[in-house]
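Shown below, as structure tokens, is a lone chain in the form predicted alone; questions about how it binds or moves come after it.
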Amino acid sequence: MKKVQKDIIIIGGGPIGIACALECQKRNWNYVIIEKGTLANSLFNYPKNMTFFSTSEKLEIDDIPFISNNPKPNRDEALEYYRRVTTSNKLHVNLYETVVSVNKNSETFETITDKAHYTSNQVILCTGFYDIPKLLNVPGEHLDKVSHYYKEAHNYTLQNVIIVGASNSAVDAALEIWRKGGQVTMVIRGETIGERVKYWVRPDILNRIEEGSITAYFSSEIEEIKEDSAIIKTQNGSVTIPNDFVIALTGYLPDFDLLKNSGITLSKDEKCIPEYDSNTMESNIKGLYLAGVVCGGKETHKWFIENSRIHAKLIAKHIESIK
């Protein structure tokens, strides 16, 4: 395995990882982004027709203009923007390389991947949260017809589809599949559609449910998934309905194993928020920084691109002060 010496290792090639790389490049620091998937991997895996809640200027990094055809950009426009920022600035990025471990030895870090052994003075973790879905933990969840991700609606045409969840992603999937000719049933643990659903979409889903175009079971959950049906536990007892596909959009989690194995302390409550200094973004491990969504633990709705892009500047400022 090849050995590589860097000043800084950035783990995660999403928008915040790119922002961190830009700060390093300004200061002529020897850095590299390590990303286990493609560039902006989480955004790439978003639904093809997804529109951001944020306007384009709130998704900009390092004051580089993000020009969109609409007030709220879509997935493809965001991918184009972050791709152009990366290529035009000639950022150093290693794609399709998976980090196995991060350990601090004395004053330096050893980052082991499936391709190389890196030594660095600092490490920045900005790994997001989109790779580990929250499981339903019900019988039948292993079946091929069950997915925890949604890409597009066409393959669900003329099919009986259950959408589990009431977030933006669940609502978008339900509406798209219904409009493409799928029979949609939503299974929602709460009493209503999520309060954080995009304001221009919320009336649409409520109207479709009220008119009966989309069936919704509130205060309910999946009890069991079978080859050609699913059992839903409702307030009025269990209901069995025909089913071809289940799309469980119940949220995702950061890679807590990587955080813990790196020595980062997590809060002991159910939120599992990692320990860090909000002024510098340095974790309880000196020289190991956190940036982006990963800072929120299980509170994955707390940090977004627009309010965490500042993390890159805070980290760079702190590293600069100790060099």
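The numbering used is simple: start at 1 and walk along the sequence shown. Remember, predicted model here, so these are calculated numbers, not experimental data.
The same protein also has a form predicted in complex with a small molecule, omitted here; what follows describes it.
The small molecule is not drawn, but in the predicted bound form it has a heavy atom within 4.5 Å of Glu35. Among residues of the shown chain, Thr98 is one whose heavy atoms approach the small molecule to within 4.5 Å in the predicted bound form. Although the partner is absent here, Tyr156 sits far enough away that none of its heavy atoms falls within 4.5 Å of the small molecule in the predicted bound form. Though the partner is left out of this view, Val293 does reach within 4.5 Å of the small molecule in the predicted bound form, counting heavy atoms only. Contact with the small molecule in the predicted bound form, defined as any heavy atom within 4.5 Å, is confined among 265-273, 61-69, 278-286, 44-52 to 44-52. Using a 4.5 angstroms heavy atom cutoff to the small molecule in the predicted bound form, all of Ile11, Asp131 and Glu306 count as contacting. None of Ser169, Thr185, Thr250, Thr86 but one reaches within 4.5 angstroms of the small molecule in the predicted bound form through a heavy atom, and that residue is Ser169. Contact with the small molecule in the predicted bound form, defined as a heavy atom within 4.5 Å, holds for exactly one of Ala230, Cys126, Ile163, Val123, namely Cys126.
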